[in-house]
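Structure 1 and structure 2, given next as structure tokens, are two forms of the same protein chain, each shown alone.
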Structure 1
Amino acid sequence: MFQYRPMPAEHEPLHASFTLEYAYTRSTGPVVGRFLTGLRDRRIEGVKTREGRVLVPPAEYDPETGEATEDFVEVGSAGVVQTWSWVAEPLPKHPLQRPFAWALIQLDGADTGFLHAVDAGDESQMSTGMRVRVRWAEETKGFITDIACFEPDSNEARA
């Protein structure tokens, strides 16, 4: 039977600080690169599959068939919240430093959901099915953060 005994002080384990890193640079490629360039220009693009589905964000391959995607299509900067989760206490790396929602948003003209932050002001203002629109960053650089967040769409009547 095993019995735990503390290690004597004269046998303290040796320890040293160590940082494990994988420092590398990755290119974005033609599909993601074009998507990010579109964001820099305040435009959102997806890709159309052979069956006509529009994927946003764009993927190099159709997730259902594995076929390469080639046809880019611009989609709207507003859409519908499909599902969401409220963040009452944002973390330092979150896009907003006040309570917000992570939401899956189906942009107008897209067939898939796009995950991003929604600045609704209060959890009571969030709902599945609500319309939201992009709030662009003041300066766009070709990063996903060019979309600062989404916010409730004041033009709810528009479909």
Structure 2
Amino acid sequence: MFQYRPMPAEHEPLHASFTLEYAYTRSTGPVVGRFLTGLRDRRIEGVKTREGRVLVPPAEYDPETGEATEDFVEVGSAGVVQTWSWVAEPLPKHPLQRPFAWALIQLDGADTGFLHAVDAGDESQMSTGMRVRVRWAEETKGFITDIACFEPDSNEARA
């Protein structure tokens, strides 16, 4: 029967640090490409499926039927938090370097949630159903990061 014997110190496993890195390109296609171009112009576009659901961010093919989506719809730059999770200690690659919330945000005119960061300052300021608004990056380039984050919508008149 197999008996475990601790490995002697001179046979310790090899260890080396290693970084694997390549440059990648993305051809985004007619749907995601148009969405990203919209962000550059500070406009958020979704697609309407044949059943009339508005998907934001847009999907190139209807997840339910597999049909190609072609009917673009502009949606609002503010919306409602559907669900959220507080990040008390952000990591270096997170979009914000202070505590923030990951949230699913249903933009005005959309039928689906959009995952993004909400800069709410404190966990006590977050609630499901709260309204949030886009904060655009200072410079927009046609990347998803053109949306810097969302922030609580101070324009209560809209709500």
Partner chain sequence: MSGELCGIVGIGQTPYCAQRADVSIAGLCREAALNALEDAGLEWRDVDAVVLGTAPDMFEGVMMPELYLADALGATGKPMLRVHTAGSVGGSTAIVASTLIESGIHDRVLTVTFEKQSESNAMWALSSKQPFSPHINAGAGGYFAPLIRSYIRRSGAPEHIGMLVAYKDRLNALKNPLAHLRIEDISMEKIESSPMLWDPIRYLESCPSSDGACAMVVAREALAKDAPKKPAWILGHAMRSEPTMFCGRDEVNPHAGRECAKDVFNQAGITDPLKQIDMAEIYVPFSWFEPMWLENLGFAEEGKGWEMTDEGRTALDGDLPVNCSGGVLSSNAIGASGMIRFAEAARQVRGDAGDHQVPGARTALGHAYGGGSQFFSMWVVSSEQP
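Not measured: the values here are computed from a predicted model. Along the sequence of structure 1, residues get numbers from 1 upward. Basically, rigid core = biggest C-alpha set you can superpose within 1.5 Å across the two forms.
The form predicted alone is structure 1, not structure 2. In this overlay on the rigid core, E138 has a C-alpha that sits less than 2 Å away from its partner position between structures 1 and 2.
In the core-aligned comparison between structures 1 and 2, the Cα atom of A23 sits 4.7 Å away from its counterpart.
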